[in-house]
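One chain follows as structure tokens, the form predicted alone.
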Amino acid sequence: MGSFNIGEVSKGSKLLFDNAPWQVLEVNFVKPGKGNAFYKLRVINLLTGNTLEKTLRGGEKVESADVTDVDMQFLYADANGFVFMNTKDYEQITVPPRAVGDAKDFLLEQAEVAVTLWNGEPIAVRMPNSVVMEVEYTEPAVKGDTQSRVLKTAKLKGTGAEVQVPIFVAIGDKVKINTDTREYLGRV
């Protein structure tokens, strides 16, 4: 933990406000014609995902948050949460469902993810931008209907998550999905 001058803060810095870890999304230095210069920060709360604007005077001190991202592999889920293994030292941790959030829809065994730790406790799971998953079930395509604009629901194997796919996608197809938007990116 340490405090440093607001002038040293950059995009990606992890700071402590109101006893919660925040990540800086944007830093703007504002120098009005009159008065003192100040910094406008856009920050995201790493616990809740809320974003807000913070205004700090030049020369103000800020606390750094003890936040680290650790590369981990998903092993399995049980009654207590989701069990991940550190790929460096093979140590296992259980991440509570709240911290996994919607990532659970794309978590297949052995998936490589980044687990965000705050003071050693898991607070979030960051998925890769896209994943490849197999379609477990979707309605069969109507013969002759090849429009790629028409979407239908597909259930993904392994998690049961549902995503929208083009009409021509069939059961057993492997599809690439954007983990943020849940958008279909193509067949693999």
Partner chain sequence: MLQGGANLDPGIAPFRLDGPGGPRWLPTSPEHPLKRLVAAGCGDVWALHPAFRAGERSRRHRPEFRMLEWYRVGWDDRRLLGEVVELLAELTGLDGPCTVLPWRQALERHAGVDPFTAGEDALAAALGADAAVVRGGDGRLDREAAADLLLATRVEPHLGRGEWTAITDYPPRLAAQARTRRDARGEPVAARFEIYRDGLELANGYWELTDAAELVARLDAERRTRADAPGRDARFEAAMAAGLPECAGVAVGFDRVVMLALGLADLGEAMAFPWERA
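Every value quoted in this text rests on a predicted model; they were computed, and no experiment measured them. Positions refer to the first chain, counted from 1.
The same protein also has a form predicted in complex with the partner chain, omitted here; what follows describes it.
This chain is drawn without the partner chain; in the predicted bound form, the residue among N119, T48, T55, N129 with a heavy atom within 4.5 Å of it is T55. Contact with the partner chain, judged by heavy atoms within 4.5 Å in the predicted bound form, is confined among 36-44, 149-157, 66-74, 129-137 to 36-44. In the predicted bound form, the partner chain lies within 4.5 Å of some heavy atom of V27.
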